[in-house]
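Presented below, as structure tokens, is a lone chain in the form predicted alone.
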């Protein structure tokens, strides 16, 4: 099972003076169970890319196809595809509109004609998954904090039980604690429920900490695709397209200039702790 993009090109406002090729001949497969991060500077095509995953955007006519779990995205398959691929935009709380938390989470279920018991079960399950107190179900969404609103919005996607969850800057505007809660939730969803996670982020520390695979975009093309260790080892290439590397990586690169025995393959704080302990045991470096 996977999401496949085959030779996908997407052009905004074709045939006008404002024509812009946002994606160019993209070939990509996101496999079931992966935790993938998509990075790149603003305007490189990240959001355009992920909006093809559930048919919000379509390839230019005759220029590519998108296949979800073996089924091509067409008008007749769109509803089923969107049940499988959930997409959470930046500031999803701005999309809340129902009178109560319960009704907002349940909105996507209404067309499924579930029994009241089944609907309630799925709403409460989704609320539990995002850490939302059940006592809030009858509250107005406008009475909630920003973090609670975001959890409601994400629960409204999870209630459909998607196999793939796309998070476009899910921590934007949150304080550090709220950001960490959001990312830990995504990791838990991936590990415990097998949900495929696709994360768009500008924070390289978060990408290194959470993603098993990193896709780097530039000017509508994929220029790197591999493990976070592989991608962040290409620091000169990343710098050339105005992308950063984790701060801890920068530190160890500087330390290596002072002592060649320093291991500079460090991308997370855990990597740093392990590297220091390894060098200490070997007696090759004192830090």
Partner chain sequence: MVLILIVNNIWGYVLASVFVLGSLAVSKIPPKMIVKSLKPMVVFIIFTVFFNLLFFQGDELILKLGFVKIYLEGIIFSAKMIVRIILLVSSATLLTFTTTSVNITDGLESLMRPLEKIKVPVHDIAMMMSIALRFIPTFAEETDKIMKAQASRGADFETGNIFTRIKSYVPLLVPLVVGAFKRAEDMATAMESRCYRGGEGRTKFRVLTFGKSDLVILIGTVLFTAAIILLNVFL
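Numbering follows the first chain given and starts at 1. Just so you know, these numbers come straight off a predicted model, no measurement behind them.
One more form of this protein, predicted together with its partner chain, exists but is not displayed; see below.
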query: Complete contact of 131, 176 and 251 with its partner chain in the model of the complex (any heavy atom, 4.5 Å); finding: no
query: 4.5 Å heavy atom contact, residue 156 to its partner chain in the model of the complex; finding: yes
query: is_contact(residue 89, its partner chain) in the model of the complex, heavy atom dist at most 4.5 Å; finding: yes
query: Close approach of residue 161 to its partner chain in the model of the complex, 4.5 Å, heavy atom; finding: no
query: Its partner chain contact in the model of the complex: residue 191, any heavy atom under 4.5 Å; finding: no
query: Which of 254-262, 231-239, 55-63, 26-34 sits within 4.5 Å of its partner chain in the model of the complex, heavy atom basis; finding: 55-63
query: Heavy atom within 4.5 Å of its partner chain in the model of the complex - qualifying residues of 205-241; finding: none
